[in-house]
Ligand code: E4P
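In structure tokens, one chain follows: the form predicted alone.
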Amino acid sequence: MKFFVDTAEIDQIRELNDLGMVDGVTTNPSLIMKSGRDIKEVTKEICSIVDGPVSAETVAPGAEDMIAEGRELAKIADNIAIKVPLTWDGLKACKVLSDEGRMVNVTLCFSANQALLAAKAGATFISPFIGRLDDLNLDGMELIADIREIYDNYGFETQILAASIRNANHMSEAAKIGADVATAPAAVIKAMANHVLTDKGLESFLKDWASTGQKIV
């Protein structure tokens, strides 16, 4: 499974990229706001760091304006994936932009029917929002499984990009189900390394090593 980091913070992206833990980046208007930077400026810098897709989101409500914004965002770098919402206008924009050979990430997906429409419209990525479904006591992972089954049934090439990831368990569950990509905040990706038994074992090893009085260097 590919890891995308869901942030517009350059330091976080650099750290994970240097470790080989980033295959792409997703941004949205809220993350751009938090960065406090100009969308084109910060997106261009992100694209210079990461080789994989960098999602930049349109904000217009209508298809024609979405298409215009998408074309403008695509000028930033070759690895831009244009994000459009899963609305009827968003699907229209997806079709036009994907037919032009651009990567398109259709976001805010909450049903298998929506995912099917996005694949038919030529989406490169479909972004089902796991955490927001869980917030409503619905099973976000069940949605991932349903989309996986539908896409496999018909050979759709649209990649399932599990989004709204809240914790490390979401990452492993999405991987087991077969999501192609998961996008998560940097803190969630780093938390995947944590385990209480690892900490306990390391503490024991270091205590025993200290008692030997030895040094390696």
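One rule holds for the numbers: they count along the sequence shown, beginning at 1. Being a predicted model, the structure only gives us computed values, none of them experimental.
FYI, the form predicted together with the named molecule isn't displayed, but the following is about it.
Using a 4.5 Å heavy atom cutoff, none of 102, 156 and 158 lies near the named molecule in the predicted complex. Among heavy atoms of residue 164, some come within 4.5 Å of the named molecule in the predicted complex. Residue contact check for residue 31: one or more of its heavy atoms lie within 4.5 Å of the named molecule in the predicted complex. Residue contact with the named molecule in the predicted complex: residue 120 places no heavy atom within 4.5 Å of it. Using a 4.5 Å cutoff between non-hydrogen atoms, residue 26 counts as a contact of the named molecule in the predicted complex. Heavy atoms within 4.5 Å of the named molecule in the predicted complex belong, among the stretches 124-132, 138-146, 90-98, 68-76, to residues of 124-132. Scanning 1-20 for heavy atoms within 4.5 Å of the named molecule in the predicted complex gives just one residue, 6.
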